[in-house]
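Next comes just one chain, in structure tokens: the form predicted alone.
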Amino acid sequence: MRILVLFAHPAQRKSSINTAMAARARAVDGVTFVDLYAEYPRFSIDVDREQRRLIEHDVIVFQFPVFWYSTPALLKQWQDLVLEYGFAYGPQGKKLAGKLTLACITTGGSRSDYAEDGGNRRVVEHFLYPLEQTAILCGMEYLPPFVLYSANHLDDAGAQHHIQSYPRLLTALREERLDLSSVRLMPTFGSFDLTDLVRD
């Protein structure tokens, strides 16, 4: 499987965890890694290039922090311009049909914050419904998100485990060793789930 990672983080100077994950993703053989904010600091997206990238890959990974219950602004701009009618959807727009999409996200809030009775009043996947529906409209399969909650402290053991597990996830996708039938049954999954989800 050909893997494309689209990394969107507007405040990388303040994010040790996402930048550490990005560094690990860059080092995975066979993975195309794109830092959208580095490539498009003025939001002037090369639509043709981005569409070619999508066509050339089988799995599209969106890596980003959840900002104000949504994607960072550049990723939304990317969706608005790249996933255009006649390319990604519409009677003649079936270029992405059959591809897999996966959101690899971090949140500042804890798992208990993202609950019906938590401070954010919704589970985290609720805030990703626009991304999910966009993928479905484009004929892609949207996998449950890979989530790190409370992503505030790089020295936290859980954060370190997540960072170390990220390349394992990408490699398993590339080599088709991720148990997709089990993943599809989960609302979300995290680094500690990979023990049961990655086939050796």
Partner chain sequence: MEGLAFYALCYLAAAVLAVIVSQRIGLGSVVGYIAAGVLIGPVFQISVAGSGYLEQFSEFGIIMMLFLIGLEIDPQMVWRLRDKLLGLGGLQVVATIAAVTAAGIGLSFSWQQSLLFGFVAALSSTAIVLQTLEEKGLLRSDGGQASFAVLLFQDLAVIPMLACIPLIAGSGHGASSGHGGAAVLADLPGWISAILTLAAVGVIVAAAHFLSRPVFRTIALLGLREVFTAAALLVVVGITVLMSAVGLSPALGAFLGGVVLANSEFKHELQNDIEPFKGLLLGLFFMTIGAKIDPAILLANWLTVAAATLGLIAIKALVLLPLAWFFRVRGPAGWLFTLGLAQAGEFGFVLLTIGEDRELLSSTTVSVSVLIITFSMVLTPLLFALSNRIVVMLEIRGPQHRDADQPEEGTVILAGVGRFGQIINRMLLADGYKPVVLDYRADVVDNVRKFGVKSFFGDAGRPDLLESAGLAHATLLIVAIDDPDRATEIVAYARRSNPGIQIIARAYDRLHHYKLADAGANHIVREMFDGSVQAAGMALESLGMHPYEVQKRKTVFVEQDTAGLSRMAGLVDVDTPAANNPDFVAGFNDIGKVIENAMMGYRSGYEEMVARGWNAPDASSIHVPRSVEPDRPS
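Residue numbers count along the first chain shown, from 1. Since we're looking at a predicted model, the values are computed, not measured.
Just so it is clear, the following notes concern the form predicted together with the partner chain, a form of the same protein that is not shown.
- Interface residue among 97, 73, 81, 115, judged by heavy atoms within 4.5 Å of the partner chain in the model of the complex: 81.
- The contact residue chosen from 55, 38, 27, 136 relative to the partner chain in the model of the complex is 136, the criterion being a non-hydrogen atom within 4.5 angstroms.
- Looking at residue 107, you'd find every heavy atom of it more than 4.5 angstroms from the partner chain in the model of the complex.
- Among residues of the shown chain, residue 77 is one whose heavy atoms approach the partner chain to within 4.5 Å in the model of the complex.
- Looking at residue 171, you'd find every heavy atom of it more than 4.5 angstroms from the partner chain in the model of the complex.
- The partner chain is not shown here, and in the model of the complex it never comes within 4.5 Å of any heavy atom of residue 150.
- Here the chain stands alone, but in the model of the complex its contact with the partner chain, taken as any heavy atom within 4.5 Å, falls in 41-49 among 56-64, 41-49, 160-168, 28-36.
- Along 116-148, these residues reach a heavy atom to within 4.5 Å of the partner chain in the model of the complex: 125, 126, 129, 132, 133, 136, 137.
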